[in-house]
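The form predicted alone is given below as one chain in structure tokens.
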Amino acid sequence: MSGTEEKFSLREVLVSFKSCLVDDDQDVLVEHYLKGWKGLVRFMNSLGTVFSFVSKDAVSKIQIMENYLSGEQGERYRTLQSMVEYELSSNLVDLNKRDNHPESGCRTILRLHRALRWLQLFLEKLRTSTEDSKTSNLCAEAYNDSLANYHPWIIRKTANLAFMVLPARNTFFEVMNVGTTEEVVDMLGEAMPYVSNVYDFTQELYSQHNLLDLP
């Protein structure tokens, strides 16, 4: 991978999540969802190892989904709606305990979905923060309101300790490769509604099919 490919671009995340929603926002294209996630992984990695407890897991989940997309049943995984319908009708989801299908598409996306909620909350807090806001507090608040609910105590403790060494707000904004603070805030303002819409759609789809607590 060349350096240019690894560099995080907030615009890339905006475009990917904007491209996700189709059919009047009634479905999500998995390929663009994964592209958006790859951008978010680059964002986390550009800040050092502090987020590796999430980014490493996200990378493996993205890989699982890309394998489905390029596999024999790839067309069934083109959108979240078709994936859910296909896997449920074919009994490919472990609904009560991890069993024969520990890496089903439904479970894999759910793990990304939960982590997306944390990043969505954190980026929104960054967008509305002031110059003297402590990024460690913003990140911890976002984490404790979302992903922490699914993590064992030891990971929660490690995460909250890791957040304490997060760089200042202006460093975050530099990492986003957009320009001035105002330009970053503007682009976050443009990007976050798309991320929210994708999150809300996924939440609703999973809720309808009782998939929000997959083991």
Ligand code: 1Q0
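Just so it is clear, the structure is predicted and the values come from calculations on it, not from any experiment. Quick note: we count residues from 1 along the sequence shown, nothing fancier.
Beyond the structure shown, there is the form predicted in complex with this ligand, which is absent from this document and is the topic of what follows.
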Using a 4.5 Å heavy atom cut-off, state whether residue 57 contacts this ligand in the predicted complex.
-> yes
Give a yes or no for residue 10: in the predicted complex, does one of its heavy atoms lie within 4.5 Å of a heavy atom belonging to this ligand?
-> yes
Residue 119: heavy atom within 4.5 Å of this ligand in the predicted complex?
-> yes
Indicate whether this ligand has at least one heavy atom within 4.5 Å of a heavy atom of residue 168 in the predicted complex.
-> no
Can we say 115, 123 and 176 each have a non-hydrogen atom within 4.5 Å of this ligand in the predicted complex?
-> yes
If we check this ligand in the predicted complex, which of the residues in 123-147 reach within 4.5 angstroms of it by a non-hydrogen atom?
-> 123, 139, 143, 147
